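Below, in structure tokens: the form predicted on its own, a single chain.
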Amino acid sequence: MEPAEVEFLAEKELVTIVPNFSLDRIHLIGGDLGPFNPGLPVEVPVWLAINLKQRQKCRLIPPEWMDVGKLEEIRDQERKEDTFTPMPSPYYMELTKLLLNYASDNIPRADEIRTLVKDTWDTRMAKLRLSADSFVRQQEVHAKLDNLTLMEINTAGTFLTQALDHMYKLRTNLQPGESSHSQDF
């Protein structure tokens, strides 16, 4: 899966906006949205929130977890634990990128939030590299990595599968082939 595909999935997540226009319910394949009334918060998918924000039709309310205090706690917890901790959203990285790119004026302390999410991402990627290194060194056959997000799996997946494929080929070439031995009856 490409990163753009993961971002596409993230755009289906719901966020709260405060519209500055009136509109009855919108009936879409994915479900009904609205009604939209000026000044009254309403939940919409990220793709619609970005579209309305670009057209200056709404103000975006950041997700509850997109707060400096909460993100500092998440970052510190991630650094403290040896295992992967649950993230506030399965698409925390993609949502941060999208919302800060298109609605940073609606998000207090946007630069600090960007830095905290990047720090958390870097910590998790370092853990993932260490886990993969340990996995390969111990010649394990399977691994269980809980609490990874789709983008994290996507980022490490290609490299890890190629590395494991190369290791398999090396191992099979180093072991004597059973087909080369003659069988005496």
Partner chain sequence: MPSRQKPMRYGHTEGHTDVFFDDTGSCIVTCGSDGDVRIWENLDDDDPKSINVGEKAFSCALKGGKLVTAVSNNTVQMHTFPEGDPDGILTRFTAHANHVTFSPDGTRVAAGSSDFMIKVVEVTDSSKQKTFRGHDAPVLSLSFDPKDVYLASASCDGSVRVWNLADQTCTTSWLLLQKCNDVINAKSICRLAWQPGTGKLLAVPVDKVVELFRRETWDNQFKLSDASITQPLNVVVWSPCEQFLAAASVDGNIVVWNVETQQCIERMKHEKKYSICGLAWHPKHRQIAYTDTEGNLGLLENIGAAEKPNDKVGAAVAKDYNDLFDGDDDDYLNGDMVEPPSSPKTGDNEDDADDLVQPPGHVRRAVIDDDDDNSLDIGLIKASSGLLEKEDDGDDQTGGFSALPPSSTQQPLYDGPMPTPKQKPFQSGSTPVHLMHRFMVWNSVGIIRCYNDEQDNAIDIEFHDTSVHHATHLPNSLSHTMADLSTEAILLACESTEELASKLHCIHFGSWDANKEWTVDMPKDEEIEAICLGQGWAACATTALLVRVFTVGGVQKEIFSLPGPVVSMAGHGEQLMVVYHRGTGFDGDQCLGVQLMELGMKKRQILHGDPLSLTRKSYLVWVGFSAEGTPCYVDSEGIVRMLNRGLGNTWIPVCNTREHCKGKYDHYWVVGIHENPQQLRCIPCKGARFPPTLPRPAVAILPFKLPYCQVATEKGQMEEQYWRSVLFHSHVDYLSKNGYEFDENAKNQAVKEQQELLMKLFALSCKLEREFRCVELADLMTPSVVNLAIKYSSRSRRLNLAQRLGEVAVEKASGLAAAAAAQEDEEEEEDFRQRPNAGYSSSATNWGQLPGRNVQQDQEVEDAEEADACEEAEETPEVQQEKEPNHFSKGVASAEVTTPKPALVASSSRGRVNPFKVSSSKKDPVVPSANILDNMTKYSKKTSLSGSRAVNKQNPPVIKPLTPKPKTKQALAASFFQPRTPATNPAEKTVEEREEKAENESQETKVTAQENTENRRPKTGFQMWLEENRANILTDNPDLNEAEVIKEGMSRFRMLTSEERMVWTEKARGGRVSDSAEDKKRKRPTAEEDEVKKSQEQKSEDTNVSKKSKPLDASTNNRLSAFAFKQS
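Just so it is clear, the model here is predicted, and its values are computed rather than measured. Positions refer to the first chain, counted from 1.
What comes next is about the form predicted together with its partner chain, which does not appear here.
*Asks:* Just to confirm, with a 4.5 Å cut-off on non-hydrogen atoms, which of 61, 128, 136, 160 contacts its partner chain in the model of the complex?
*Replies:* That would be 61.
*Asks:* When the contact criterion is heavy atoms within 4.5 Å, does residue 155 count as touching its partner chain in the model of the complex?
*Replies:* No, residue 155 stays farther than 4.5 Å from its partner chain in the model of the complex.
*Asks:* Is the gap between residue 69 and its partner chain in the model of the complex 4.5 Å or less for some heavy atom pair?
*Replies:* Residue-level check for residue 69: no, no contact with its partner chain.
*Asks:* Since only the chain is shown here, I'm wondering whether residue 40 would be in contact with its partner chain in the model of the complex (any heavy atom pair within 4.5 Å).
*Replies:* Residue 40: contacts its partner chain in the model of the complex.
*Asks:* According to a 4.5 angstroms non-hydrogen atom cut-off, is residue 166 in contact with its partner chain in the model of the complex?
*Replies:* Because no heavy atom of residue 166 falls inside 4.5 Å of its partner chain in the model of the complex, the answer is no.
*Asks:* Go through 43 to 51, 143 to 151, 28 to 36, 118 to 126 and give me the stretch that gets within 4.5 Å of its partner chain in the model of the complex, heavy atoms only.
*Replies:* In the other structure, the partner sits against 28 to 36.
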